[in-house]
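Take a look at this single chain, the form predicted on its own, given in structure tokens.
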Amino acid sequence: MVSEAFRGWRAGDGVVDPAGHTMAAEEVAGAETDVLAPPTDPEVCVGFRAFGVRYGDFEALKEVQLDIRRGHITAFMGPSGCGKSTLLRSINRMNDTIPSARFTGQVYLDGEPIYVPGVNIIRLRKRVGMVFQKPNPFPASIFENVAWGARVHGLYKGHALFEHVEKCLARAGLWDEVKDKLKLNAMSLSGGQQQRLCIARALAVEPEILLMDEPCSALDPIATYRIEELMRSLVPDYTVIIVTHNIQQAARVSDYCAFFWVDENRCGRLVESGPTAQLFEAPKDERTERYLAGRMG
């Protein structure tokens, strides 16, 4: 049965999305079915239900049904343009910043719908942190990069703030390298160090989930290895969801995988998902098998 929150989302002949746009009634046909019911497994922290994203006339992603398990690493993999990053960004509603974006279906965070009116986006993005493809430190000191979010959210101050910054830098595997350089501009760090700083910055607001959009694509193999080690060290304290084009990386770091492909209309579709070992050793779909073998994509 569809949630009361979704029922309240209807408006006139369509559905009003979070940006105030109205989607046609046919786009939500069949909404009041179990396909939109929230996850019932307490180990599922994020649930996609018939979720789709459209940018203007282009349908980027359609009818995704997927559960993300708490305290594990889940990898989204597939060729360019299959909607991996779009789906990732939907978990903290980063796609809301794109004026042409429209959404169908629902995304649940701990059983609560996030694509409904009244959701506190600031609180949502505190719970769901994000690390982007290219390191994007603030043009400020190393210390201020990490302290800023914690200070804005009123989490720590004074000596407790310094201890928190140290803890986050240590968790990101960076403390020993920067403990004597905290006043230096973060832009002076190497690319790999900047990415670990961005991870420390994300951890500083004490999120539950960490989204990582191809976090190693701009890094050399040694820096990549350190980021991968860091990802593994974060679980089970955090749920990590990573987008990657690197099949070997998905096999190395993830506990679960979701494989996406594009249909004849260039729309992203979820092909299959499951435990990483199972997906790599015995894929259920021929497209997955061919992609993992390097025969397409």
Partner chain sequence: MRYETVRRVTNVASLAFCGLLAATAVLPLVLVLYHVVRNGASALNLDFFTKLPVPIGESGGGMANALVGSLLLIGAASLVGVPVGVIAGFFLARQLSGRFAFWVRFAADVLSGVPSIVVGVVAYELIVVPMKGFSALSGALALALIMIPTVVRTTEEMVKLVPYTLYEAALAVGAPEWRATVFVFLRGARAGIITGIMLAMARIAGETAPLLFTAFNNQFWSVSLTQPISSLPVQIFNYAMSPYDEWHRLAWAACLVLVVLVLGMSVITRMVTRGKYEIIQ
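Positions refer to the first chain, counted from 1. Worth saying up front: this structure is predicted, and the values here are computed from it rather than measured.
Missing here is the form predicted in complex with its partner chain; even so, the following discussion is about that form.
Q: Give me the residue from Glu144, Asp110, Glu166, Glu214 that has a heavy atom within 4.5 Å of its partner chain in the model of the complex.
A: That would be Glu144.
Q: I need to confirm a contact call. Of Val119, Met187, Ala160, Ala170, which residue comes within 4.5 Å of its partner chain in the model of the complex, counting heavy atoms only?
A: In short, Met187.
Q: At the 4.5 Å heavy atom threshold, is Thr97 in contact with its partner chain in the model of the complex?
A: Thr97: contacts its partner chain in the model of the complex.
Q: Spell out, yes or no, whether the shortest heavy atom distance between Gly83 and its partner chain in the model of the complex is within 4.5 Å.
A: Judged by the heavy-atom cut-off of 4.5 Å, Gly83 is well away from its partner chain in the model of the complex.
Q: Find out whether any non-hydrogen atom of Leu87 is located within 4.5 angstroms of its partner chain in the model of the complex, and reply yes or no.
A: Leu87 lies outside the contact set for its partner chain.
Q: If we define contact as a non-hydrogen atom of the residue within 4.5 angstroms of the partner, is Lys179 a contact of its partner chain in the model of the complex?
A: Although its partner chain is absent here, Lys179 would stay clear of it in the model of the complex, with no heavy atoms inside 4.5 Å.
Q: Just one stretch in 111-119, 72-80, 135-143, 220-228 has heavy atoms within 4.5 Å of its partner chain in the model of the complex, so which one is it?
A: Answer to the contact question: 135-143.
Q: Which residues from 148-171 come close to its partner chain in the model of the complex, meaning a heavy atom within 4.5 Å?
A: Contacting residues: Trp148, Gly149, Arg151, Val152, His153.
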